[in-house]
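Following this are structure 1 and structure 2, which are two forms of one protein chain, each written alone as structure tokens.
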Structure 1
């Protein structure tokens, strides 16, 4: 029962299990911490080879959501859902309706949205059974695809890093190497082009490269060549784990700031970035625009302007993280964790006072 020890050590509140073989559902929902509000995190559809793998994945992901929302100044806790299934072959309306009843059974302690393997239609099916779902299509009053806001937030974080690296937050004339040109990167690129940056783009799919090729001041490179690209900023916008022992010595940038989750392969890689003199924007600070977007859909008509204004504060949050790292002599990754923990501790203190 390794996972129970992990839950105790990392302060998880709850792990819920749902089985409904008739509808092809085996699902888990992890609630890490609700100090700041209801737990929120996407539902991932993934065919994990074992229940242990699935459970550890959903537990780790729910904890990461607590930190992301706390640092972003949102009144949300951390949660995550997981349906153990192959998203290419197994998804049905019956599956998502059953899963919606699972979400409903938690009484609002967990609010779900999209994650890897899920799409907006799947959220519509979940919404047939529970109101505790966000990220619905815009035509249904929802906030739609969050990637546009994610890209806007990464752009704000990058500006703050530019200030730290070069004394000006302007990205005009800066060369930004973007790894992966999907939804979030496309939005980021639009802001960068508008700001006068030059782009170096890679992707493993031709259609993505074709879209990038149409942008001004943009060149394309092969997927592996992106690590060697002469640039000012490296923006990982595809996979996790790309900042590692093998890739870090190759980077020729002064800032790393992108949308991808879990960019550091190990905690030591944050220190390796410091040793290379590279300003690292912690991923969960930079990419919080997506969760911010769905936050502004909870319990109300979606408020796009509110979401955009809050996402713009990623600039200030990033500055605070960089300042904490500087003052305390710690990595920016540690500083980001500290910022989130301080907010949680302050809120827990209030909770104690309130209950007296």
Structure 2
């Protein structure tokens, strides 16, 4: 089975499956690596066409969470949850309470929060069944939707890439093409508008486009046309795999930096970006604001100022990644992986010493 081979090659610890037909639940949780701490990652609600697609999605995303937390300096491992359902029509309290029992069955090895298709109310329902959930509403002592901090972090990463591309981290007057206008993209857009940027936005949902249309200096394009938009920065903020052999030749930008996970369809696409002369912000470096936000909720009252200050360091981390890539002649994707792996290796070394 392809996913078993992928798990072995990627070092995954666990893949758990939960079915509850009475409540319309088919769900998967992947735990990649807990060297640095409990695995944390959002729960995605998405109607994958096959179980194989769903499993590979959750496996890839959990691995990315390990690297994201490691590179961000957080004491967390990588995990991810997925409920196979349509987030616009299928969500119920019973579904999420059932899923909460699934999370609870893992005994704290996995801590969940929001992801694509989920919201704070869904986390409240999950929390009825397990304490291993963060991203709860602020009125319940939680940090609320992490998308706001995700957008702030992407903005910091974009500033660092602008410095590398144009010698200044100012985004004033820059044209940013945003693919997907969900919560994280909306937060990013607010920071960009405040910074004086111009926006080109697309989304597959009309209500999202209507929200974007109300922003100053913003134009709308059809979903497929976003790849051809003449811009300074292309910001993928929807699903993964959008940077691939077919789309990369169409890009008319100098920087790629967005909130989406797993933006590269293949590792080779990072080299294609280099060959195009495009500065690429590795996704798990740029979008670490969300996991940073909920980290400051675990086991303590939520510390907003601490979360924001730590998220702001994405600017410095991105600069380190760009410097490593430049000095060693490797892609920024390879440089980001190296940064994360160095921290994991150091932690495993301590674990070996502690066990003797």
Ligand code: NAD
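Source: prediction; values computed, not measured. Definition used throughout: the rigid core is the maximal C-alpha set that superposes within 1.5 Å between two forms. Positions refer to the first chain, counted from 1.
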- request: Assuming the other structure does not fit, state which one is the form predicted in complex with this ligand.
  value: 1
- prompt: Cα of residue 198 displaced 2 Å or more between structures 1 and 2, core superposed?
  reply: no
message: Given a superposition on the rigid core, I'd like a yes or no on whether residue 174 shifts its C-alpha by 2 Å or more between structures 1 and 2.
response: no
query: Superposing on the rigid core, does the Cα of residue 60 end up 2 Å or more away between structures 1 and 2?
result: yes
- prompt: After fitting the core, how far does the CA of residue 21 move between structures 1 and 2, in Å?
  reply: 8.0
field: Angstrom displacement of the CA atom of residue 108 between structures 1 and 2, core fixed
entry: 3.8
field: Core-fitted comparison between structures 1 and 2 - CA shift at residue 96, Å
entry: 4.9
